[in-house]
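Before any questions on how it binds or moves, here is one chain, the form predicted alone, in structure tokens.
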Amino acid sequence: MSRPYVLLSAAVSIDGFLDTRPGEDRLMLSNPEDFDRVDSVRASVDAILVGAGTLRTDNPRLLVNSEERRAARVAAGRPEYPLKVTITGSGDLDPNWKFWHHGGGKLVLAVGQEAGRKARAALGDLAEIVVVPTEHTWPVALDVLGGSHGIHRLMVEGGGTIHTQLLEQALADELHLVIAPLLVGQSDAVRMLGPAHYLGGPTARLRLLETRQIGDVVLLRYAPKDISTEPR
């Protein structure tokens, strides 16, 4: 079964944080030029995935904002918006989140039967619900997206736990990492990554595909699956 090409996208501070500590105002790491770049990447993919925790914290819409890009998708025979996907281990989903009420199709990947039951009870017909197993969750989820849903390119916009899991399981094909010129400096702030042991620790180096300055931020593109291990 063909799995989608998985592109991870994140913006972090110099010291590696996605946001300030939980409960504080959301930290805006990017700039207008980079937001436009992200919009162009969204327009190029078949689906955008975020975790339910990100929906709970940020309440995003996750749209392609450019009318021209949406029109180009339609002209190419594609849906106006990419499929919007979230994954939940609890099924605790709020039907009032913006995610459900903007854009095109929505899909929930519910981890386990109980999460699926709760998600269906919460959402009704706001989204399609697909149950994935508690073991081998991500391989099965990607098989579902690439198989029955025909997703060829998947953009993953967070959060950090999902980025870490996909990197650790060697399931990410590309990483777009934007570095913002600030230091969060809070030990309990939200980090992008936890331990990702498959990467090989301090002896392993990812292959750098591109560096690009975008206003006051820098985009780094990496190939996570293409690593080399240096001898100690």
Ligand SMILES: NC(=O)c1ccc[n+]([C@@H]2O[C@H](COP(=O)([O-])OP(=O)(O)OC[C@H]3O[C@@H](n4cnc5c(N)ncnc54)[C@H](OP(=O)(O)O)[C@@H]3O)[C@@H](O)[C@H]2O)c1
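Sequential numbering from 1, following the sequence displayed. All values derive from a computational prediction rather than experimental measurement.
If you look for the form predicted in complex with the ligand, you will not find it shown, but the lines that follow are about it.
Interface residue remark: I87 is counted as part of the site for the ligand in the predicted bound form, having a heavy atom within 4.5 Å. Put simply, T161 is close to the ligand in the predicted bound form: some heavy atom of it is within 4.5 Å. Residue contact check for W138: one or more of its heavy atoms lie within 4.5 Å of the ligand in the predicted bound form. Although the partner is absent here, E168 sits far enough away that none of its heavy atoms falls within 4.5 Å of the ligand in the predicted bound form. Just one of A122, A127, V144, V111 comes within 4.5 Å of the ligand in the predicted bound form, counting any heavy atom, and that one is V111.
L29 is the sole member of V184, A172, L29, V45 with a non-hydrogen atom lying within 4.5 angstroms of the ligand in the predicted bound form.
Stretch-level contact check against the ligand in the predicted bound form with heavy atoms at 4.5 Å: of 145-153, 98-106, 71-79, 130-138, the positive one is 130-138.
Taking the partner from elsewhere, every residue among A11, G51 and T57 has a non-hydrogen atom within 4.5 angstroms of the ligand in the predicted bound form. Of the residues in 210-225, none comes within 4.5 Å of the ligand in the predicted bound form through any heavy atom.
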